[in-house]
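Given as structure tokens, the chain that follows is alone and in the form predicted alone.
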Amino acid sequence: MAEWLKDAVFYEIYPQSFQDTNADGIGDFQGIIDRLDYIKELGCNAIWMNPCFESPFGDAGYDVSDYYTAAPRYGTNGDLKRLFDEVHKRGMHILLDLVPGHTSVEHPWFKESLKAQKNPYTDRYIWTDNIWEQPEGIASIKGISDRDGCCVVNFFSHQPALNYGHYICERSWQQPMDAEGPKATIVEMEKVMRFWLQMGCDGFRVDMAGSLVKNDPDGLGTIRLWQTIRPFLDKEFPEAAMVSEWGEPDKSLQAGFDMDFLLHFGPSHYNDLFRCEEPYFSARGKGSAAAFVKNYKESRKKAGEKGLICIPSGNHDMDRLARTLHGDELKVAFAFLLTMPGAPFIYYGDEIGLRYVENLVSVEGGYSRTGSRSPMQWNHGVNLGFSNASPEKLYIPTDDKPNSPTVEDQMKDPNSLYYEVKKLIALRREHSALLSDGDIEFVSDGADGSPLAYIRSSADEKILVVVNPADREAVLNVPGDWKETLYEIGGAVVVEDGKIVIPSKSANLLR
């Protein structure tokens, strides 16, 4: 694992919506450069930037048409390199978003693959033998060229799946992982990674990392595939970080990734905490964290305890935290997010309580996700400081509802969510027990609205974290002698005779 990941706190930037500097209504690389000092001042020392490669933007850039060229809407390759350099000047790191599972139908590889005549790209994608045979249970596109066959797609119909082979081959058109087509795809993706790492990026967040090998029910083929890629990275770029969108840490960490995200789908119960009918972090106190804790403990055990399991505040695919949590509920939630093992990821704007913008028409394949991708709100200037374009040109409308949060307002208020997040990040980086690779032992699992309590530990310290989102006082029996309060929000706990009395809607860190 890259050494810098141990104290990394990531800030996710959706480049379209962060800062526009040329008044076209879309964010750009220069806008990110202009706001790097803001990110550093918050306390984040690493960035994950969503896809920035050339694309027709049918899926917000997750439909790549050229892996080697920056999308002109953001700037040039030279501008992107300058972003890398400016990030490094500030002692920070940056991950690009790699989309290895599919391309756009506009990609030159796919256009060559469409041809009936055999060529080097014939097997770059997954095709059936004839137009009448659809891949069972898998979406496909067909009838769009002279080539006989149906082409597998990964999600939208304009995203043909790249060919990494099948773990179990049941049809004549299903190629094994060691066939020439799949091997050539791996070689090309390694070239893409090498190109950007040599230019200065610090690694990749990998989109749909667990889905590359098809007909792979237990993920064994995809694990093996990534295990073949990791040695090249370790040899040529030992400090490069790899973060997977997989959602199953026991598989992704075994595959060679440094970190794995918990996702809004899959087995983690992550959204039991934030995004369901009764979130655990709601002050109503009707939610439960127990299923999350059970799965988290099992995942850590399978991953070897030291694997970094990342719990993001959100991302471009989820509802905003502030859609279901409000006011001090967000502060208590961040006390949890920023004291758990694994590198935290803060989705841009979550640190000021940026809201989900309701009832928007889909933009670039966003659909229900569009409301979580609205522009960052900096101040009370034109378009809330995001862009000098006329409002109708904005990529997505800003949140124009009353009391819409801005960085400017939050920085004026010492009791704001912004300052609470900043304080928690600073505290995390001051204590070895709270860093990414520190141990964790759960004392209370937050069942049925009860407090969530855990002990973070390193070689030289132990810290007790006690979180009680519910609108009621609680009492816990906690082993140990906890005398020093490092942090509290919502009121301090009272420690007496091995019991801890916990105020409602509070979070405390004790040593």
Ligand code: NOJ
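Every value quoted in this text rests on a predicted model; they were computed, and no experiment measured them. So that there is no doubt, residue numbering starts at 1 and follows the sequence shown.
Here the subject shifts to the form predicted in complex with 1-deoxynojirimycin (NOJ), a form of this protein not shown in this document.
With the partner left out here, 1-deoxynojirimycin (NOJ) still marks one of 207-215, 107-115, 416-424, 251-259 in the predicted complex; by a 4.5 Å heavy atom cut-off that stretch is 207-215. Contact between Asp317 and 1-deoxynojirimycin (NOJ) in the predicted complex is found at the 4.5 Å heavy atom cutoff. At the 4.5 Å threshold, heavy atoms of Asp59 reach 1-deoxynojirimycin (NOJ) in the predicted complex. In the predicted complex, 1-deoxynojirimycin (NOJ) sits within 4.5 Å of a heavy atom belonging to His102.
Phe155 belongs to the set of residues with a heavy atom inside 4.5 Å of 1-deoxynojirimycin (NOJ) in the predicted complex. Taken together, the three residues Glu245, Arg369 and Arg373 all come within 4.5 Å of 1-deoxynojirimycin (NOJ) in the predicted complex, as judged by their closest heavy atom. Annotation for 405-443: no interface residues with 1-deoxynojirimycin (NOJ) in the predicted complex [heavy atom within 4.5 Å].
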